[in-house]
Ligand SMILES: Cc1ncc(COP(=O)(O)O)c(C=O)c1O
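Shown here is one chain on its own, the form predicted on its own, set out as structure tokens.
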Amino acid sequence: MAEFPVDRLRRMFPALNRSGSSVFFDNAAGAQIPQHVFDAINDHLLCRNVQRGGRYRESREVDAEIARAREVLATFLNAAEPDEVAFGMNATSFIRLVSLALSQNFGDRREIVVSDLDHEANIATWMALEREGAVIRWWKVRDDGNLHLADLEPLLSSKTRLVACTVTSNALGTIIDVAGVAKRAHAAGAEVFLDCVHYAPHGPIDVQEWGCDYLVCSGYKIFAPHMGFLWGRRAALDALPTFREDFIPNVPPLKIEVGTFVYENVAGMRAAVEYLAELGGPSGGNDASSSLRKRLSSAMKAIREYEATLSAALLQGLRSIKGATVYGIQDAQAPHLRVPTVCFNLKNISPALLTTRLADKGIAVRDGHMYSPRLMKRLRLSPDTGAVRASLVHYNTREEIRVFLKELQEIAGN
């Protein structure tokens, strides 16, 4: 494998090159953006900050930008068609939109499977449907920090309407076998809703290969601005009853995109995907969509391989620190089971104090329940204090890990 060009890529991110900038290990809360993304946002606001649907040039340019972004995101996800992609505020609002729609046509299938590994947005949103007659079934995480398909199978029946789960834990970094989830759920006649927010910056997404029915992402985790997007199989989206004004056609994506979304952020999201594609080589070929998909697949595979080295270095280093407890998958030799997101604690040092002391040294990590309080309880941790999370992406380096581990060792008194 060719050496990953991390130094060149870091130069594209202004926030990483500011004087006195931190070692930024809080990417799970939101990644930085490359200059190319900022330029796309800035250009939109300066040149076409108008409403779409008009007959004048700038408005037509907005229409063209949205159409282009939809095509690029569809390629990023390997969607069957661009109209399967809807833009909006964030992933949580899309989960709620789909949950409200499904509650209107439960029929005899009222059971929804959720997991205690998930972000609370992909739990509480479905639990809110209990007052509409839904029955929640819990898919429990095991001590190894993973969701096992063998534990899912007994939960599925002719009463199952939906399985809602994450692709990757935003707290532990565990990658779930979502293709296996979809195969089993569909065999029972149920649909699958995937929270792909945390996985999206770390590896290739293929909704066709995964076999899911719905998937949500958040742009600000994928080197883009704050926005969200929903993908759904065309047949599933066609069947969703949604709120819309009378003049809005009852077809996706228009029926899904309630109100005006932030156009400049959609332009930024498009630019972020194009930035990722650059890692996969130069554009070319007669079929632009096929070429972009190949470049994205190559880029995201390269990111997975490089980040596996970060995961291994991080886990190996934490293992050497006296009093450190790592939660979830700890095997440095099995980085394919996770992304470089690690939750841990140091003995006799509160998570809040540890993150404060690291912040004083210019290292940005996060403490708390990571919006996964049920998981914290499963780990026998108080949701009030939780754990410390270091979350890395492809612009982080092994040298940054060395600095981070050195400071941890000093704090731990090693």
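The numbering used is simple: start at 1 and walk along the sequence shown. Bear in mind the structure is a predicted one, so any value in this text is a computation, not a measurement.
The protein also exists as the form predicted together with the named molecule; that form is not presented, and the subsequent description refers to it.
Heavy atom of Asn170 within 4.5 Å of the named molecule in the model of the complex: Taking the distances in the model of the complex, the answer for Asn170 is yes, it comes within 4.5 Å of the named molecule.
The named molecule contact in the model of the complex: Glu307, any heavy atom under 4.5 Å: No, Glu307 is distant from the partner.
Contact test in the model of the complex: Ser311 vs the named molecule, heavy atoms, 4.5 Å: Heavy-atom contact with the named molecule at 4.5 Å: absent for Ser311.
Contact of Ala69 with the named molecule in the model of the complex (heavy atom, 4.5 Å): Contact with the named molecule, no.
The named molecule in the model of the complex: contacting segment from 243 to 251, 217 to 225, 269 to 277, 175 to 183, heavy atom within 4.5 Å: This holds for exactly one stretch, 217 to 225.
Listed residue that, although the named molecule is not shown, lies within 4.5 Å of it in the model of the complex (heavy atoms), from Arg233, His119, Arg293, Lys255: It is His119.
Residue among Asn265, Thr160, Thr92, Ser103 with a heavy atom within 4.5 Å of the named molecule in the model of the complex: By the 4.5 Å criterion, the partner-contacting residue is Thr92.
Heavy atom within 4.5 Å of the named molecule in the model of the complex - qualifying residues of 188 to 220: Contacting residues: Asp195, Val197, His198, Ser218, Tyr220.
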